[in-house]
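Consider the single chain below, provided in structure tokens and representing the form predicted on its own.
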């Protein structure tokens, strides 16, 4: 797969695949425009992250099936129908490069791609599923009509026990060594006889998924070797920056400018902070009020957040000036800090419009001694986190759910559960950005305030 700057590229013919799910056995011989290289990968990453969030929230299988269908439809479409398969294949191989680089990245990608494969396979027609089995080349045979008749009653008992229709004479069953379908055996979802499991067509994904995972696992190791030994250096000025940034890319809305329900004035900031700031920003705000100072990391994290929620430059200068002058005086503030505040608003220096930090950026930050930025769900001790959540008003039952997510390192889900506990409403999209937390909170609270006026 060759990446080019910008030109038309050879199409990968849909006739080269049998079903709508490619096997991804080798990168196709086609050229990819550099902008498509990144955009296609980000679209697929939205699908994988959506699956990851939903699984972490304990969504039921039927909910997952619909979610994956919707995620795929909304993110993996293409203006040209003939390019949909290309986009699928290109995005997969780009993300292989992105996620081959460490064990943790490989583990996550492997799990999410396998889950995606499972749900996509189930959405295929029975004919397409059979074609896929042939294409995959698995060495399993279907049982004959005579064999079916001898075990028909046993197969029917299993079907009834798992709520499936009774098998008919034209049903397809594969004879498989029982150790190759451990999840079906463990769930008592197959008939076993003389060391073989008899897997129905509607269960065959349990046979294919481990094969898919094993193939992808080996491919990721090989990709990592090639990336480390040659590709990373060869592409250091072109692809390497894109590849190394993609896994930490923020994929949600842009919060560089205030959004609806996200504008605050200086006189309201104390009240709004208590009601609608996420824990990371509330902690910084309280520490600033308490110590009248924050180190650079804290000033950047809180300052850009306040910019994103609509605190204008004049109010921002007045806010920081009032806090810092307690400790350092007005002259030093104007000399050492005011420029940086104007700079973050794009009014000094290169006049860049700096963007508020996403959850991922905050979580992956490593605060030092005396710092207060970063993600409290990740960086606080359990005792300090419980105390902070209690001050916010999180009840004991919700707190245990939050702490369970923290122990499993699902920090954004922990924040999502905090939001839900404080606002009494579900947040199905999950919290991915502090400014999203604020905006969603204000959407809920402002109508209540307006109706009571």
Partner chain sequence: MAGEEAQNGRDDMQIDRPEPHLPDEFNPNYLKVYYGKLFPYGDMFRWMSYGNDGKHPGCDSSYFSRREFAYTTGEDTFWRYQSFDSEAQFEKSIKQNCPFKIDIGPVYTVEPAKRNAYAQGDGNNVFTPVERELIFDIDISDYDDVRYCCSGADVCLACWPLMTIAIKVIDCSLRDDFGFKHILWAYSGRRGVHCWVCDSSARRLTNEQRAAIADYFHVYTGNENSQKKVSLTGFALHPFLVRSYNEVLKNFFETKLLISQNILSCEERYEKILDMIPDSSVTSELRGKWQDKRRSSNTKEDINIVRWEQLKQLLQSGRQRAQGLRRCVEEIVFSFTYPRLDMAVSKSMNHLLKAPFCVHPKTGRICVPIDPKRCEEFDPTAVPTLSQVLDELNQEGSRADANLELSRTSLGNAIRVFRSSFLEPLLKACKEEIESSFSAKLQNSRDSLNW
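Throughout, rigid core stands for the largest set of C-alpha atoms superposing within 1.5 Å between the two forms. Quick caveat: nothing in here was measured; it's all calculated off a predicted structure. Residue numbers count along the first chain shown, from 1.
The next section is about a form of this same protein that is not shown, the form predicted in complex with the partner chain.
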| query | finding |
| --- | --- |
| Contact label in the model of the complex: residue 241 to the partner chain, heavy atom within 4.5 Å | no |
| Proximity of residue 186 to the partner chain in the model of the complex, heavy atoms at 4.5 Å | yes |
| Interface membership of residue 79, the partner chain in the model of the complex, 4.5 Å heavy atom rule | no |
| Heavy atom of residue 142 within 4.5 Å of the partner chain in the model of the complex | no |
| Single option in 107, 160, 226, 73 placed near the partner chain in the model of the complex, where near means a heavy atom within 4.5 Å | 160 |
| Heavy atom within 4.5 Å of the partner chain in the model of the complex - residue from 233, 331, 149, 314 | 331 |
| Per-stretch contact check against the partner chain in the model of the complex, the hit in 94 to 102, 301 to 309, 266 to 274, 215 to 223 (non-hydrogen atom, 4.5 angstroms) | 301 to 309 |
| Neighbours of the partner chain in the model of the complex among 362 to 392 [non-hydrogen atom within 4.5 angstroms] | 366, 367, 368, 369, 370, 371, 372, 379, 380, 381, 383, 384 |
| C-alpha of residue 100 off by 2 Å or more between this form and the one not shown on rigid core | no |
| Did residue 329 shift 2 Å or more between this form and the one not shown, C-alpha, core superposed | yes |
| Core fit, then residue 198 C-alpha moves 2 Å or more between this form and the one not shown | no |
| Direction of Cα pair change residue 241-residue 303 in the model of the complex, magnitude 3 angstroms or more | farther |
| Change in CA distance between residue 377 and residue 46 in the model of the complex, which is 3 Å or more, as closer or farther | farther |
